[in-house]
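Quick heads-up: it's one chain on its own, the form predicted on its own, in structure tokens.
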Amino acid sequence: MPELPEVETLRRELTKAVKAKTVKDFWTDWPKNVKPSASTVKTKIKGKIILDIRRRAKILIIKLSGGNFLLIHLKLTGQLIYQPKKLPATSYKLIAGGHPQKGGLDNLPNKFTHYIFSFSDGAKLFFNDLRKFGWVKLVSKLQADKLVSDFGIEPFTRDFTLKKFTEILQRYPNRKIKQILLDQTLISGLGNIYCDESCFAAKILPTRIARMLKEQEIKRLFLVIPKILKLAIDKKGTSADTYVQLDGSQGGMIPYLKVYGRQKQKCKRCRGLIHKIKLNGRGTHFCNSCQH
């Protein structure tokens, strides 16, 4: 699943592609994941202009003229593929999050395409999804505001302070630190990759119990989280078989990963061995030598 840096990269690229465009039509063959209904979404977004695109946690929030908001969550295998007007298939530009399925760009729309947004200038935005977990929702401003409030603090906001971060850890003293970092109702945007990377940077084992962390360790973890995320955004995300950029190329964060995906390799800091275990069903990477 794409995490905060991947979705933020996607938001920026998507803004360049579709902001100020007028929606002409909406099509789906998977209405189950369209709310309130496919027909309602089609009727209410037709003729509306895309005014802005924001992100909350891992959700894209598209502001439309008329006051409604279109929400898109790519979940595990979603891809957004933007096709400019009158360009051949070789010029498709991939705006993606989720696993890039083989043949996903061939002869669009194809068997992976479950949602299509058409624009008045002839451009199209395809939403491909291999496992059909992604969703589309049309909501009012009030509903959008509630959604925003349902998520925890984001690492780049003023609300993300050492005091609040410490309070979160103290609220769940018996949880493992990675479990807390992954909880989107507490801290939003962090996922498997950047939890592992943040714990490594802070020299803390992701399996540590929150109440066992010392004050200095909490501060260290608090400081590295936004740094890791900023680096990932600067590098346009981590591919790791789950993310590609607007032009179809991989995100540039992979060479900078210290533990994620590096099991059985030598630690870049102490030359120890990188381990991988399952923690609450998630693959978890760490160095047993320099993380404590």
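Everything numeric here is computed off the predicted structure, so don't read it as measured data. Note that residue numbering begins at 1 and tracks the sequence as displayed.
Same protein, other form: the form predicted in complex with the DNA, not shown, and the subject of what follows.
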| item | value |
| --- | --- |
| Whether Lys32, His73 and Gly191 all lie within 4.5 angstroms of the DNA in the model of the complex by heavy atom | yes |
| Touches the DNA in the model of the complex: Tyr82 (any heavy atom, 4.5 Å) | no |
| Close approach of Tyr260 to the DNA in the model of the complex, 4.5 Å, heavy atom | yes |
| Contact flag, Glu8 vs the DNA in the model of the complex, heavy atom cut 4.5 Å | no |
| Pro173, heavy atom within 4.5 angstroms of the DNA in the model of the complex | yes |
| Option touching the DNA, based on a heavy atom within 4.5 Å in the model of the complex, out of Leu130, Ala123, Ile153, Ile116 | Leu130 |
| Per-stretch contact check against the DNA in the model of the complex, the hit in 198 to 206, 138 to 146, 165 to 173, 213 to 221 (non-hydrogen atom, 4.5 angstroms) | 165 to 173 |
| Residues from 260 to 291 in contact with the DNA (non-hydrogen atom within 4.5 Å) in the model of the complex | Tyr260, Lys276, Lys278, Asn280, Gly281, Arg282, Gly283 |
